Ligand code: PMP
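Take a look at this single chain in structure tokens; it is the form predicted on its own.
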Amino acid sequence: MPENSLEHPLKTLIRKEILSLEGYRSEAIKANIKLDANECPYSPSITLNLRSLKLNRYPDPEAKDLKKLLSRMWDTGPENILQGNGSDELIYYLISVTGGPVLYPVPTFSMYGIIGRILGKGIIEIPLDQNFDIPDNFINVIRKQKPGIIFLSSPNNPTGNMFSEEKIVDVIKKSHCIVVVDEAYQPYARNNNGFIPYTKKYKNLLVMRTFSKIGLAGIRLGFLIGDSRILNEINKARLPYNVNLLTQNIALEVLRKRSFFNNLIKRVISEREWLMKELQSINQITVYPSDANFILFKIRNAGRIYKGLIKKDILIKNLSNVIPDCLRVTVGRKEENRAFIKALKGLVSK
């Protein structure tokens, strides 16, 4: 029998959970105005002297200088911080060491479910309530299903809203597992300092932060903040030298310029509020509250609008398969936001 007629051994070589899994996909569509990935539209200026870096040597495996600086920012100890190659890697470690099942409300960041399935831990997805908040039955599910870990993204992606602080605290108090509050978008939240202060009171709480949404998506850098004993156990799963030398040094340089981040965040929030008002002025659109650097809105013929924007060289996120008739736009630069609104109004009026 010819070799090419033999059945491919894929089904026997790869776990069935992986064969049936749809991995994370990012948009491959090119557009001059890219408002689909929740990236910050501003980038810090870097004057890093590469010649001064010993690129032939491994980086500091514990990123001690970086954690020392962050500990002052977050009013915690360096031992209460664990570094990761972006939040995704930290999610992988968390699910690896805590077991399953993995519980989270939906819709939310897809990597909780993708990594949970990759590791074969089991997934429990509970729909958010009508206000995109933690549903009332969430505690009952915790008691019945006994999850190994819980993820709460606040502000939540893709809905943009903060979860109720009281509900989050209730989940932490009534859970016998690690609760992770993912605060990727917290810098853009109104009148909210986040849950890092709560980590001193609740030992089962870990807070996740990332630099990806505040102008440093390209360096892939995230952190867990919480009880040092729990982080020590998670650290056992961390790959050696996971945060490279360039990432550590770029982060250190930028963090020493705190005014840059403060101004950047103010600019994004200002543009978000402008975008919000403009979207609300369009009769056919329902705009949802946002504490993030993006806005979710509902519109008739969302698919047509989405494709129409692409033809005008503007890319946003089509979420109709997740939330019916909904699109998500990232807050961009002033000129990008105005071009988007102009194009959107033109499409809606047709």
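What you are looking at is a predicted structure, and each value in this text was computed from that prediction instead of being measured. In this text, residue numbers run from 1 along the sequence as written.
Below, we refer to the form predicted in complex with the named molecule, which is not included among the displayed structures.
Think of it this way: in the predicted complex, the named molecule has a heavy atom of just one of G215, G86, G148, G160 within 4.5 Å, and the residue is G86. This chain lacks the partner; the member of T210, Q248, T199, S175 within 4.5 angstroms of the named molecule in the predicted complex by a non-hydrogen atom is T210. Each of S153, A184 and R220 comes within 4.5 Å of the named molecule in the predicted complex, counting any heavy atom.
Remark: of stretches 137-145, 251-259, 86-94, 265-273, the one touching the named molecule in the predicted complex is 86-94 (heavy atom within 4.5 Å). Shown alone here, Y188 lies farther than 4.5 Å from the named molecule in the predicted complex, counting heavy atoms only. Within 4.5 Å of any heavy atom of the named molecule in the predicted complex lies no heavy atom of Y104.
Although the partner is absent here, F132 lies well away from the named molecule in the predicted complex, with no heavy atom inside 4.5 Å. The shortest heavy atom separation between F195 and the named molecule in the predicted complex exceeds 4.5 Å.
Taking the named molecule as positioned in the predicted complex, the residues of 94-124 that bring a heavy atom within 4.5 Å of it are, in sequence order, F109, Y112.
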